[in-house]
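Given as structure tokens, the chain that follows is alone and in the form predicted alone.
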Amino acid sequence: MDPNTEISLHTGSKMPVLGLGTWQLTDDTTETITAALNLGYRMIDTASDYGTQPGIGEAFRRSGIERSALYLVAKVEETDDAYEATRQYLSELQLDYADLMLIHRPPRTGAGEELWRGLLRAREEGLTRDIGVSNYSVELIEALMRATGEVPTVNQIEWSPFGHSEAMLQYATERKIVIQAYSLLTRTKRLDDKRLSGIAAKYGKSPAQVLIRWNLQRGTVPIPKANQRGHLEENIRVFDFEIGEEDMAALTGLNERYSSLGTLPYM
């Protein structure tokens, strides 16, 4: 496994095993994304309410990297017309297509079947290669599938050793839905945990690197957020070590349904 490793979605498309989140990355977005691409990141995650669209699009164009070698994850909001929002989002990015469009979060009532149909239309017209969801529970995913017969390729959710669901992982694995992990570094709130620090010291790595590597070895796709070059470099240097089976079990055993946002909406 290395930064160029990809995994297969159930549609046959390929996705990088590691990405970069851009929430709150509103200053020097172009420069930060350019630095990330130069370091080897190939998947960039954003959303319409992040405000990073122009900077990401500019970085993609400046990079000199073929568009087909880059992977863009974007999201529509629960109050959007998903099809029109996708068109608007691509206009802001000045890009022809997204690789993956997600429903950012389910509406307050229901699973968002009309949003899902809007993304299906966007995919049919070539505006996005694949579609998925974010912050969805098993029950809500099942509702989308009943309404349209379409299985999401991805469920992007908060996911770390301190807060995750084995039931969700089993469900996603059975249906070939990829879990993308956001806030996997717990927004720094649990990086000083002594148990985590002990394991990190054993491998000569930082706690953040261990959290990213734990995701990689469990088959989930980490998208850590970073805007400092040092953190960008640190977060991608996770392919030169492997966490042993006993330590993987210890990390998984840290689960206490912790959420840096207050709740895990999929549980």
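The shown structure was predicted, so the numbers you read here are calculated from the model rather than taken from an experiment. We number the residues from 1 along the sequence you see.
One more form of this protein exists, namely the form predicted in complex with a small molecule; it is left out here, but the text below deals with it.
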Just one of L127, L169, L191, L120 has a heavy atom within 4.5 Å of the small molecule in the predicted bound form. Which one? L191
If the cut-off is 4.5 angstroms on heavy atoms, which of these, L93, L100, L185, L196, is the one near the small molecule in the predicted bound form? L185
Partner-proximal stretch of 196-204, 238-246, 57-65, 219-227 relative to the small molecule in the predicted bound form, 4.5 angstroms, heavy atom: 219-227
So, Q156 and the small molecule: in the predicted bound form, are they within 4.5 Å at any heavy atom pair? yes
The small molecule contact at R42 in the predicted bound form, heavy atom, 4.5 Å: no
Is it the case that L261, even though its partner is missing from this view, gets within 4.5 Å of the small molecule in the predicted bound form, heavy atoms only? yes
Would A208 show up as a contact with the small molecule in the predicted bound form if we use heavy atoms at 4.5 Å? yes
